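Quick heads-up: it's one chain on its own, the form predicted on its own, in structure tokens.
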């Protein structure tokens, strides 16, 4: 029988009651008496020198409170980068300044030049349009390889070139890797593009700044995945506000997908302007504004080579990648193509030698940073596409080639500096084969052929590093902050519980899943547990939610704090029961003396904690509240195998996904329903990348698809009904819950499965097509068919 409560059960998401009835409290719902509104004047050229900004006409317009330009931020810190990468020569990356408002130059379309604060949003927008800016337009550099050529226009004049860093990993492997390729029986080479994406969460970004002259305290309400990090970065490095005088609140947030991890200029501006004006200041992004101001994702150009011996065993792998940073370094941008990408190039396979080279490049485009999966999708896509191509070149079954090279013994230290603690890749592949009905494919293909369609089947595997990450490790790798998590568990006198967490929810179901963990440990009803998050004034310092770390890291902090609660509660119960503490057991919400029928209820113990008449105060302090910080010992390593079946219309090139199966190993699963939903969402985003999405710039740096009129987001009829399974569970060995993380898996594993399936369909039709770059639009597929 399925469980109806606790870990492993699937209660309905309690937060959905307010979300589905319109009772959510999103940042744009926050309105403070007397607030003014902000409109940003953004650059309409990709690269130019600011020769003058004339605000005189705009200043006199109705409702205008004040107009700010870059000159108002002289002496104010720029937006900091949270990760420093050292290149393969031991030199630190080039790290340009990132002003809140442009100073001297604009470097991408959307770069903010001025900000108008007015009484209404309409007045602010009208005045922004009246500002006259004299810009000397400069040649823009968009293509990454062109940006590194001698004489290319420099995005930042004070840098030596447009190269942020030239990173090699593992550098000491390079000679051995080259030697292995020289001895290889077969080498497969593939050049590919991981297309630039725009995250497009349901809720655009919003920032509301407030200031109290009475207390000299600033408050920022913002759409953020990690409010404590925003407080740290903005307070310490940009505005110089002490943390005890700065509060950051992220209420209900409608989706993040990575794009709301980062500290943005608009947050700093609204906080700064509120202090300057002693008046609340609010900014809400339009969707078209978000296209040119939110950090984009992916945008890699890669050459990957796989060496095999005569028995088809993988012997070496090497890659060369150009990774776009855009015009500035966003908060975590340098880490994505390096430590979140290069360390995953082993995949599920026991390749003994690997060398990864990454050249990070500045261009006159919107900054690029983490997007769902962040480096792991890029690694998986390269690896699984080159393996599929190798199988076709060798004439072997792509599944059996993978099986032959699977890692089978754990723990396993990869040649790219990480150690997988558990996994069973044969089990997930076995489950996938059961789900996908490979034996029935030929019949389905024949039926497609009768209707004039081509049918293809694509399979791939993935592994990712989640639970980001051990602070001592990431500190050595350049992270400028620890990546622990925190929780305070406060037990009230009547037995109900408030859990304050540094993790943040923006769709993951924390308010449902976290109580399941606490309730399981204490044997109480989940309705007695509330989760408090998103407010730096109410929660302990934490690093937020991204990298599928909520349960693995945030949940582990809750477990540790709850263990402290249990230990103290047992002391109280022992005194109430006149027994030894060692004999006290907690089960089903009651404390019992082992081997007897003497017990005391949870509520009686919690009341005694706050009415401590019956236990010695010299031995036990009153109250029942504990805090714990949890720093993971390792990453967690979810893994899985995916299969996709497509139909291709040879007349139009249109691809239709007919079947999709996903077999994942997420370790222990707290709420299967939520996990299934997370996988569904990730699959939809991965399919969007594979078939539909892609941000395109012209040679002048203009974003060609800057709205939903031109940017093709996946819709319901673009995805099939998914078959999802997560019964193959190898629990994580180094966190107390044994969980691995599930939020990014679908977006990591699905793109190569889709592309492999389309290539398979074309090859079965006799076309010599080895690769098509994403997105696989009808035009690209038709061109490949008619090559």
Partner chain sequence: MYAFDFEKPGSIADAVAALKDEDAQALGGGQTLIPTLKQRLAMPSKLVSLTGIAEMQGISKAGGEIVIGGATPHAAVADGVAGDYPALAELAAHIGDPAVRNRGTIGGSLANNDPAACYPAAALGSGATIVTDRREIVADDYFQGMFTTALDEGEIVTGVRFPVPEKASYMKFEQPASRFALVGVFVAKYADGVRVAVTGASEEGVFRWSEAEAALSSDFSPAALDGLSVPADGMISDLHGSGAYRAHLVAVMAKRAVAAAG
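What you are looking at is a predicted structure, and each value in this text was computed from that prediction instead of being measured. Residue numbers count along the first chain shown, from 1.
Another form, the form predicted together with the partner chain, is not on view; read the next lines as being about it.
Listed residues 709, 278, 413, 582 were compared with the partner chain in the model of the complex; 709 is the one with a heavy atom within 4.5 Å. For the residues 174, 350, 125, 568, the 4.5 Å heavy atom test against the partner chain in the model of the complex is passed only by 125. From the list 483-491, 501-509, 647-655, 245-253, the contact stretch for the partner chain in the model of the complex under a 4.5 Å heavy atom rule is 647-655.
Although the partner is absent from this view, residue 696 contacts the partner chain in the model of the complex, with a non-hydrogen atom inside 4.5 angstroms. Though the partner is left out of this view, residue 613 does not reach within 4.5 Å of the partner chain in the model of the complex, counting heavy atoms only. In the model of the complex, at least one heavy atom of residue 692 sits within 4.5 Å of a heavy atom of the partner chain.
Proximity of residue 89 to the partner chain in the model of the complex: non-hydrogen atoms within 4.5 Å are absent; the residue sits far from the partner.
Contacts between stretch 711-729 and the partner chain, counted in the model of the complex as any heavy atom lying within 4.5 Å, involve 711, 712, 715, 717, 718, listed in sequence order.
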